[in-house]
Every structure is written in C-alpha cells, then in structure tokens.
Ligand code: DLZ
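In the block that follows, a single chain appears as structure tokens, in the form predicted alone.
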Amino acid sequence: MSTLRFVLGDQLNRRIASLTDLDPETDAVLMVEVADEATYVRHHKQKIALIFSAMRHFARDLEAEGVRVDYVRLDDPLNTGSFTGELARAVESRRPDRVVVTEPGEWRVWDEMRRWGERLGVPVEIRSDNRFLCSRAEFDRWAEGQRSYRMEFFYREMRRRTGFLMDGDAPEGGRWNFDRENRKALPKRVSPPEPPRFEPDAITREVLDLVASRFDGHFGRLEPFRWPVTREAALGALQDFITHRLSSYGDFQDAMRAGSDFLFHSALSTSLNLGLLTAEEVCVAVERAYRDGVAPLNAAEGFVRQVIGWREYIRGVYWHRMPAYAATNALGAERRLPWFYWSGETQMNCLRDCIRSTAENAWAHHIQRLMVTGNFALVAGIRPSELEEWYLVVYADAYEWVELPNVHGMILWADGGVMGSKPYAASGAYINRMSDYCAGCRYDVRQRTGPDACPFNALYWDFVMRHEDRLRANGRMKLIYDALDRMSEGQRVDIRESARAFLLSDEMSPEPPPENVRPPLQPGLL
C-alpha cells in the first residue's frame, strides 16, 4: 500500500504521528509552502522565514534518510497557493492508496482538512498530534461538565500523570506551585546573558531573500535573523538556556527591563511550536538540571508549569471550545486597535519598548505580552478580534491554538471567566514595580489623572468603574472595589474625564497620521 504523508509547516518532528510508520520503499512525504498560509494574516517577516527555512531543512534531513519528499516551494510556478490545491496535485501525480496527516493546530485548517477525503476521492487518515502530552480527547474528558477550567487543577493532574518534579505521590518540595517566589524585579546590578544567535546558512539565506522580495510590506524587521531552524540548533538553544539562564529564570521571569529583550527566558517556544523540540524532552532536561543542582526548584517548577501546565492547557481549551469561543466578547469591548501597535509611535515608554522588541525579534516574553501590550488593550476596551489578529501577526511562535485562548481568555477576559477567575487588569504601579520603563517615560506613573499622568492609571480605574455591575461580586475583586468605594465622586469624575481624554487623543487613533506630520518610524516597524 502506498501512502502520501502530508507534513504541515509546524509539524517538523521525525516522530510526528503521520511519519511513525513511514516506509521509504512505498511512501512519499508532501511538504508545501503556500501563499494562503503566509498571508491569511500579514505575518511578521521573521515568522515566515523561520517556518520556510525550518521546513526546507527538515525536508533535506528526510531526503538524507532516503525518504522521497515532494517539496513545493512558494515560487514554484505551478503552486496553487493552498493546502487543498497542493494536496490535490500530489494525489493526482502520486495516485496513493491513502493520505496520512497529523491534526493541525488551527480550526480553519482542521475544517478544511476533514473534507479532503470526500473532495479528493482518496482515504485521508487524520492522526492525533503525539507531540502533546494531553490529547484533545483526554482534555475533553477532564473538562466535561465544568463551567470554567482552572489551569492549576489541570497542571496538578499533568504532574501526576507525567511524574515531572514529583516525590512519590507528592510534589517535589511539598508544593505544587512556586509562583510566589517568581515575581522579583530585576536589580540594576544583574546583567542577563546574551541569547544564542544561530547564523543563517545557505538555505536560510535563500529563504530570507525570498521573504524580503515577496513580503516586504509585512510587519517587522527581517534581519538580523537569530532563530534555530534545525533540530540540532534547537537542542543547542535548549542546552544554552539550561547552562546560562535557567538558574535565574524563576526569580526574574516576571521582570522587564528597557532594551533587554530576552532576560533569562528560554525563547524555546518557536522550536516547540514548530516541532523541533517536544514538551517532554525539554521538561526532562530541566528536571535533570534541578536534580543535578544546576537550577533551584522555583526555576525548574516555573518552567515545567509553563510547558506541561499552561501550554497543554491552552491547547485543550482552544479545541474544547472552538469555533464558538472566538466569537465571545464578554466585556463588550469595541474600540479599534491603535495604530501605535503597528508603528511604535507612542509616548508610553513601556509600550514603545515592547513593540520595538516585538518588531525586531518577532518575540516578547510573557509579561510584556500579558501586562503591557495586553493589559493596555484590556483597560482601553480594544475589540478582541483586532488584538488577536495583532498577536497572531507579530510573534514567531504564534499559531491560533496558542494565541487565541491566551489573548481572548487570559488577556482580554473576553470569554467571561472560562479560563481566568478575574481580568488581568493593572495600573501603571505594576509596570513600575516590575520594570524600569517608567523612569524613562514622558508620563508620570505617580499621577492618576491629568495630561501628564500615566494613561494606565486612569484607564485602569475607568475599566473598574465601567464593569462594576459585572465584576463587583467577584471575590477576587473585593479589595479593588473597596478602594473604589473610598474615592469621592469628584475623584471618579476626574478619572472618567482623564480616561476619556486619552482615548480620544491622536495617540489612540486606529489610522496612521498623515505623512507630513508623522515622525520617522523606528527601525523594523511599519
């Protein structure tokens, strides 16, 4: 029996389910670069380059094994531009007895994929994605009958199931979660190490030239390009993290510093989400580092929680609730996304630096995403679909299964509490405590209202007042509403007026300013 094995661009793992029983004598592998996937949103240039380069390297490695690979490049004149069109061409050419594919990471592709058999007239077997430690079916069973899903309970179940950082039936160190130890601001004397940089080889250089030519109008800076595009390089990035940054990752994972884009973070999400690394192997490596005394428990636990807790949980929520999940808007947020999210043209130093980092690296760490760009959108009332598209565009590790629940549920509370018990809203005080952004800002974080006050302050309290009917009864919001109750009516009026003035300011415009009045764009931005 001949089998055509269709490998998608984010499934670059030799042990992926669709390749586990590959027979080089009878089977062929299909891989395609298609315009539909590069442009359904205007992805960051580095994201497109990362995926195409990693695909070409993976195809090369398969061919070195003696596997027949039908690889369709973006600039192939016969390229139809879509998954379905390229699979149809391959089926017509190869005449396989069946097609085998691993389930995709995005609902829109799944919706297309499950029609392939009928449309193409050949049996199509869709296999579960075995890179994840919790299958979609297993998550469905865990979530069944629950109105909301708390990650902490899921995480504990995953720890028991996998045995990571366990001491018999109990968690290592007697606690499941060391998050309280992982919230330190970064002292001035601490200098984070430089992240590893993987110089482009001939394959990557060819891809960079292609992206520069075909996607020049997309967001972000293309070079310098730093990402690992092979499994060997990804393993090198993992080892570099363990050697140079894991020991401090726990203490400072929530810290931010202007101009320091990676701090002690692993930035392994690009390799994990492409398939170059697996969740299991990175957790094995981190646990070994803890057992060997290389890293403290709060660092190892914090990292393992992000991978087998949050990452697996997010994927489960996505598939359990889609497609209706994406349409919810519990807080009725309808404001357009400000233009400065694309240009970086804002006087708010924290947002300007995070957007600069995003444009230059196609990456930002989780607190920059959650508590700066995300928090601002939450308190300003930005329309969920617009912010979700922005996150999907700008980050190299963003695929809808991971991006949508994080933004929709965690950041914007648009699901009404399915994921989070309360909105992650904060004033400028949080940013000031966890970063040095406020020291270099035109706005004063100590002021709540007025033209010189940090916009986060008035927007935060305006958010609290706007949604009082819905949120006051939330037990986790009690202290906040107690503080609101101590404000005079005059203070409330000042807050509303300051918030309104900022939201109506030119800085919040969703459209770019006229060319004759706009400042020069920062390098790498639109």
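Keep in mind the model is a prediction, meaning the values are calculated, not measured. All residue numbers are counted from 1 along the displayed sequence.
Separately, the form predicted together with this ligand exists; it is not shown, and the next lines address it.
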Since the chain is shown here on its own, which stretch among 476-484, 490-498, 58-66, 35-43 would lie within 4.5 Å of this ligand in the predicted complex, judged by heavy atoms? 35-43
Considering only heavy atoms, tell me if G105 and this ligand come within 4.5 Å of each other in the predicted complex. yes
Given that this ligand is not shown alongside this chain, does F463 nevertheless sit within 4.5 Å of it in the predicted complex, heavy atom to heavy atom? no
So, A458 and this ligand: in the predicted complex, are they within 4.5 Å at any heavy atom pair? no
Looking at the partner-bound form in the predicted complex, is F83 within 4.5 Å of this ligand by any heavy atom? yes
Looking at Y399, F198, W339, F178 here, can you tell me which has any non-hydrogen atom within 4.5 angstroms of this ligand in the predicted complex? Y399
